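One chain is shown next in structure tokens, namely the form predicted on its own.
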């Protein structure tokens, strides 16, 4: 049963409710300063704000304005949406509307799902936020439903099951509205699922198209899978893509092959660990680029596809940037998927000996060949969490740098046999994390996209998995697993300000202008994948408990 919990003064608070929001507004989201309209602060996922009121000189005056308890102790990864004085934020089980000036709850709608679903949430019980469009909010749920709410009241408008969860499917992704279509993808790559991306009608929730992300034997690319292995081949699509309205293309990454033991599915395994360029109206695949063929180590290709223009060999090119889990930073031509450049961005990488300079295909190392051929335990860098995990990066067109929360961890990895069972994790491998000797498992980096070189680095100790925000005020904001929310000088990485929130931060911050004041907000709440698997000593000291904190400059 789904139930709506509306605050008693709802009618009195109706003036705060969002008006209908249009496609035209979404197209301008990256330049809009008085709202946060999309995941990533714009279709390009740059997570860059042109606001300058909070800058390197004024940031020391930044103070908390209000804080709101999410009343939830799971990991919090939601990015707030802000529109006409209302903030919308989610947990795994509720959606909330808050007055941005006071933090007062306007409405809260809870969602009930079977508790058994939490058992198949491989990497944390969480949700990453809502999309807003034409007066409606859209979110996904852990039991693989898609739900629409009235943005003014929180009333459920429609609820559609995307796919039964029993086979291991879940949903944590923030939906994307592109060309009037609601687009989303599934999680569950560790359970022998067949991943997919789909488009739905925002008005009714009805499915318009579905693009499976593993190629069946009778489809193009089907010959890259042995037998019928594509049926349980993984390739989840659990992070939100980007959209280029001029080209009419949505870019969406796909995840790991299933099971992890790549020897069981010899071949490239299209379209795992790939970037797909799709037409939003139909789901038609226009081009694809595969980062890690026959993915051996859970090197998902889902990380945020950031869109910008770079000068390459003296010519401006429309590019797509991605800091991939496999430890390489990619620059692709987003008009056709052509490989332009790929560079190692992590300090230690042993699974490959580089990339083919023409195609970008990784050259597997002797260590990787050894573990796949013998199954023996072998130390591999980076770990299965990657050189960068899900935490969204930021790209500043002002500095030309990408700001990335990178990971500095390896793993001891070996093959282990296991039969597929419905709804049971199916890896065919065992692993144990290897931490660096200095304990700095997380490093904030300012990366030159065309070289992969870091202009500056900030070791942060425990591995961070929260997003990054860059601003025209020459600042980089990010949160740490310790709960510290910090601002750094975008030019040199100097820490200029910090504030201790109530719990660890695993969500991306946002900023906007509210009545002449620049605001910054971040969701806090420790949990999810890091707390479940990483044995870093600092992580055992972090309290749980979700909250939202909003900051502004002191008068």
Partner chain sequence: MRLLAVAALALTLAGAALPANAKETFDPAQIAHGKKLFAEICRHCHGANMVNMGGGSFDLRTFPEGQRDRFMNSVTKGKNNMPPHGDVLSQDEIGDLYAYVMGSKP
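Numbering follows the first chain given and starts at 1. It should be emphasised that the depicted structure is a prediction, and the values quoted were computed from it without experimental measurement.
What comes next is about the form predicted together with the partner chain, which does not appear here.
Among the residues 206, 422, 281, 220, the one placing a heavy atom within 4.5 Å of the partner chain in the model of the complex is 422.
Residue-level contacts in the model of the complex: of 526, 488, 512, 48, one residue has a heavy atom within 4.5 Å of the partner chain, and it is 526. The stretch from 234 to 242, 145 to 153, 344 to 352, 410 to 418 that comes within 4.5 Å of the partner chain in the model of the complex, counting heavy atoms only, is 410 to 418.
In the model of the complex, residue 287 stays away from the partner chain, with no heavy atom inside 4.5 Å. Contact annotation: residue 23 falls outside 4.5 Å of the partner chain in the model of the complex, judged by heavy atom distances.
Residue 119 belongs to the set of residues with a heavy atom inside 4.5 Å of the partner chain in the model of the complex. Contact check for residue 531: a non-hydrogen atom falls within 4.5 Å of the partner chain in the model of the complex.
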